[in-house]
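Heads up, what comes next is one protein chain in two forms, each shown on its own as structure tokens, labelled structure 1 and structure 2.
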Structure 1
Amino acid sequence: MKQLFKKNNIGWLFVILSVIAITLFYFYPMIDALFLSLQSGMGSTLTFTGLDNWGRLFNDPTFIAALINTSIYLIVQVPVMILLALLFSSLLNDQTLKFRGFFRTAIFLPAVTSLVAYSVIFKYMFSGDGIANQFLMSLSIISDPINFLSDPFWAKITIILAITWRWTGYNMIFYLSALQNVDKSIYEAAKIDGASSLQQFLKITIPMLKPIILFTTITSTIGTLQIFDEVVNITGGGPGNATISISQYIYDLSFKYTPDFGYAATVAYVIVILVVILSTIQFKLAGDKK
């Protein structure tokens, strides 16, 4: 018994460095941000102003624009991407399909690129005289070039297309690996019972993958809520504030405009609150149907 106790104490030695690092670099900043959000001032001279920053949020057009834009990215992009990834994975799970490995690698490839690098490429592809316009015009789908980056609507679409390009294959890999663990006889039995591909997809694939769909939805939600690299490098947040994200606004408040760390921390907490609310909803939705 004494021996066991001693070994358990040694166990703490293994974990202590990580506990210190995570406390210092994650939990301490979270608490500091909460205190910061109750203070205002420029640069390093901060004074306690209570809930002023929180009140300021609702009268701040840039914050509201950032909140709306980020919500649009989230509501449009995450479901589209998850559905596409599910579709790819169920098609590629078919053992009789030729070139499966090739398709898988190709669709996954975007996931290894740097967010900045691919964003700059997308910026050029979707510029006024860029390849996207040249392609659409050569197919006579459009007669005049679309101002992808300078039109508030199309700029958002461009960003959504870009994120979808980058992350669909990444999510697909999780589903593909999970599908490999699903017993193939279930599908065969369904086929014999006359279930169509769509029915098999809805009644077998999606329920089987539910825990992983939950995992990918939550990670994608957290990822999209803090989208920064793409917006900054594709549109710079423009035109006007038509594409600005919450993260970009936090960055601007802290490091671009006259620094206001207190208000920046308040805006940052909005992301935390959104993550908590959305994750709880997603857990609930997934849990109820179990």
Structure 2
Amino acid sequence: MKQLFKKNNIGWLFVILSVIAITLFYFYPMIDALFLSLQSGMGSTLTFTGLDNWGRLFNDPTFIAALINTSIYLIVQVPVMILLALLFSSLLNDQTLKFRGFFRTAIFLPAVTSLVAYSVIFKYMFSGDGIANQFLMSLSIISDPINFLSDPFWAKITIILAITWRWTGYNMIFYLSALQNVDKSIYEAAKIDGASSLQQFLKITIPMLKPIILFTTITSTIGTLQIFDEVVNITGGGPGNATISISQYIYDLSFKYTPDFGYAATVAYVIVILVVILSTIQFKLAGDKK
């Protein structure tokens, strides 16, 4: 009995330490940032301004540009990436495919590449005399180089391509792991019933992966809302503010412009609100009540 009591105490000790750590490093900064969003200035010059920072959001053209750009990245890139990851995982789950290990590694490899390193490589690839322009011109698809980094439209496309290239393999691994646990007899039965590969993909693979799709969609949404490295290193948020993201704007408000930590905290809370709203919508659409 005494030993059992001691074991319980040790268990509670681990739980209490975890609760203290989570409270200290997660909840305290979140609550502190909320109070900070009601102030303006920095350090000892912080002054309470109520909801002024929240009202300022609606009249801030840079914030509106950052919000629109981030929304475009989210709406275009996440569905494309999820679909590509599903297709790659289905193809690479085929036991008859040769060099499966090589292809799996090749597609996953970008996920472990340094964010800064791959962003810089993309910047050079899509520069005026980069390999992308040289390749398109060699195929006579274009006659003059495309201004990938200085044109507002193409700069966004370049950012979207970079994110998709890096994170598709990461999501593919989740789907591939889930497909390993799907009973192969289900596919065999479907083949006997005459189901085509597309029907098997739509009627078996996607429904079986529904919880994983929900998970990757939410994590990809959160990641895209926090996009920073790619934008800063590839385009610097330009031309103008054509590619600036919300996270880059938070950095600029804190360290580049005249520091205003209160307003930066307000913009940061916009990401929190968007994550909560979009995650709730995704749970509702997926029909997950848990």
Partner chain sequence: MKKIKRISVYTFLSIATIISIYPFFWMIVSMTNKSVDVTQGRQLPGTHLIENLKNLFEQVDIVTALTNSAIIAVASTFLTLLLASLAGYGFEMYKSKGKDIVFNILLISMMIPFAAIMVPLYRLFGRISQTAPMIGIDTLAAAFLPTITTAFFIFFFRQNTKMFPKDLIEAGRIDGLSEIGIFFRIYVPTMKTTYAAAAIIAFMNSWNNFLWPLVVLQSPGNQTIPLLISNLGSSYSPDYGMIMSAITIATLPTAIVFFFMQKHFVAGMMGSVKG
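Between two forms, the rigid core is the largest collection of C-alphas that superpose within 1.5 Å. All of these numbers come straight from a predicted model, not from anything done at the bench. Numbers follow structure 1, counted from its first residue as 1.
A.B. asks: Where's the form predicted on its own, in 1 or in 2?
C.D. replies: Note: form predicted on its own is structure 2; the other is not.
A.B. asks: With both forms fit on the core, is the shift of the CA atom of Val276 between the two structures 2 Å or larger?
C.D. replies: Result for Val276: no, shift under 2 Å.
A.B. asks: How many angstrom apart are the two C-alpha positions of Ser18 between the two structures, if you fit on the rigid core?
C.D. replies: Residue shift at the C-alpha: 3.7 Å.
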